[in-house]
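We begin with a single chain expressed as C-alpha cells, specifically the form predicted on its own.
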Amino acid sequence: MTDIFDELQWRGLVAQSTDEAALRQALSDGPVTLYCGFDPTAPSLHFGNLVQLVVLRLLQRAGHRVICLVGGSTGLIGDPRPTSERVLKTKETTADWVSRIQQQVQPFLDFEGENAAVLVNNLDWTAPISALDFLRDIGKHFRVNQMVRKDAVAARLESQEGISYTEFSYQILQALDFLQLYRDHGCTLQTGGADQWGNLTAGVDLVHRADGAAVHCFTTPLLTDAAGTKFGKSEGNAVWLSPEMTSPYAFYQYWVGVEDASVVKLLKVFTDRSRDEIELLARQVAEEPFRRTAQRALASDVTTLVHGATATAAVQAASEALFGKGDLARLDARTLADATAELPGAAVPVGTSVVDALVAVGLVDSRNAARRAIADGGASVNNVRIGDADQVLVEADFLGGAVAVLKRGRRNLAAARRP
C-alpha cells in the first residue's frame, strides 16, 4: 500500500471528500473496495470519463479493489441536467451502449490476477425490484427536503419546465448502487466527478441509514483551461474515447494543442509520469515553449493509454509526414484518412492542373497567385515541390486512390479529394 490519497491530491484529482482523516486512514489500512459508475448516455465514454478511469487505475495500482459499474438501469433514467429533461433512450439502445462501454473500460484496468477489477451492471439488481419494494425498502430512507437541494434539481424546480418524477428519482437509484455493492462486495468508497457530489453523498447517507455503516466518497474537480472553459471539447464536439467517434489522429492533435498554462496540470492528471519528469517538462514549458515538448509528451502518453502504442506511432508518423518530415505514401489508409479529414479541401478530379487544384482547395485565391506560389518554390503535392505551373494531378498523386495533400508555404495544408 502507498499513501495514495497524497498522490491523488498532488495530481489534482481530489475536489471534495467526506471525512478526509477517516478516508486517509481507511486507504492507509486498506485494501479498500471502491467503485465508480459510468452511465451509457452515448455509445462511447468521453474526456470526463477518462478522469475517473485514471483514478480507478491509480487506486488499483496502489492495491485497492476496484469495481467498475456501467449503469444499465441509471442509463435508462438519466441524471437530471440543470437545463431541461433528457430524451429517454430505448431499452435496446441503452443495452447496446452498456455493452460498448463495458468493452471500452476493460483496457484501462487489470481484470485478472489476485486484485482483479470487477465489472458490474446495476440493471442486474434493480430490474428484479418491484415498485412497492423499492418504495418501502429504499425510498423510506430519503427525505424530499434534502433531495430538492441538489443543484440540478433546484435549478429545474425553479424553471418553467420543472422536473419529472423520473429524473427526480435518479439519485435514489444511484444511491442504491452503493448500498448493493456495500452488501455484495464490502464496497466502502465511491468516486465521481464534482458534479456528482449530491448523488455520491446520497449513497453514503443511504448505506448509513439502511445498514448503519460509515462509508466514504470523493470527487474529482472539473478540468478547465485558463479562461475557465471546460476541457474535452474540440471545435464544439466532445472528445470521445471511441476511435470511430474521435479518430486517434484527432485525439492526439487535441492534446498537442493544449495551452501552455494548462499542460502541466493535465500531465499530472492523465499520465503516469513522476514528479521529477513533470517538473522537467514544466521547466521546458517556461524556458522553451515553442518546442511544445510537454504537449507532445502529454499527447503521446494519453493516446497510448486510450488507443495503444501502435495507433500512437501511426498518428505521430502522420503528423510528421503532413509537415514534410516523413513519407505520406507510407501511411496506412485509415491514418491517412483521419489525418486529412482534419484538413480543409475540395473535390478535385484526376487531370486537374496543380494551379486549379490550389485554387479549388482554398490555398490561394486566384490562378495567378497559384502560379506565383509555384514560381517561388512554395507549392507542393504530397511534400514534393512543384516546379512546373502546367503540371497536372495524375492518378498516382492520390494516395490510397483518395487524396492528394497540397501545401503552400511551410504550414498551409489542404486536401484534394478524388470525387
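Take the two forms, find the largest set of C-alpha atoms that superpose within 1.5 Å, and that set is the rigid core. Residue indices: 1-based, along the sequence shown. Fair warning: this is a prediction, and the values are worked out from it, not measured in the lab.
Not pictured, yet referred to below: the form predicted together with the RNA.
Look at 239-247, 282-290, 193-201, 132-140: in the model of the complex, residues with non-hydrogen atoms within 4.5 angstroms of the RNA sit in 282-290. Although the partner is absent here, Arg371 sits close enough that one of its heavy atoms falls within 4.5 Å of the RNA in the model of the complex. At a distance threshold of 4.5 angstroms between non-hydrogen atoms, Ser274 is out of contact with the RNA in the model of the complex. In the model of the complex, no heavy atom of Lys265 sits within 4.5 Å of the RNA.
With a 4.5 Å cutoff on heavy atoms, Asp96 does not count as touching the RNA in the model of the complex; it lies far away. Note on contacts: among Gly257, Gly186, Pro344, Pro82, the single residue with a heavy atom within 4.5 Å of the RNA in the model of the complex is Gly257. In summary, among the residues Gly162, Pro128, Gly113, Gly212, the only one with a non-hydrogen atom within 4.5 Å of the RNA in the model of the complex is Gly162. Taken together, the three residues Gln253, Ser319 and Arg385 all come within 4.5 Å of the RNA in the model of the complex, as judged by their closest heavy atom. Along 363-384, a non-hydrogen atom within 4.5 Å of the RNA in the model of the complex is carried by Ser366, Arg367, Asn368, Arg371, Arg372, Asp376, Gly377, Gly378, in order along the sequence.
Comparing the forms between this form and the one not shown on their rigid core, the Cα displacement of Arg408 reaches 2 Å or more. Comparing the forms between this form and the one not shown on their rigid core, the Cα displacement of Ile374 reaches 2 Å or more.
Shown in the overlay between this form and the one not shown, fitted on the rigid core, is a CA shift at Ala154 smaller than 2 Å.
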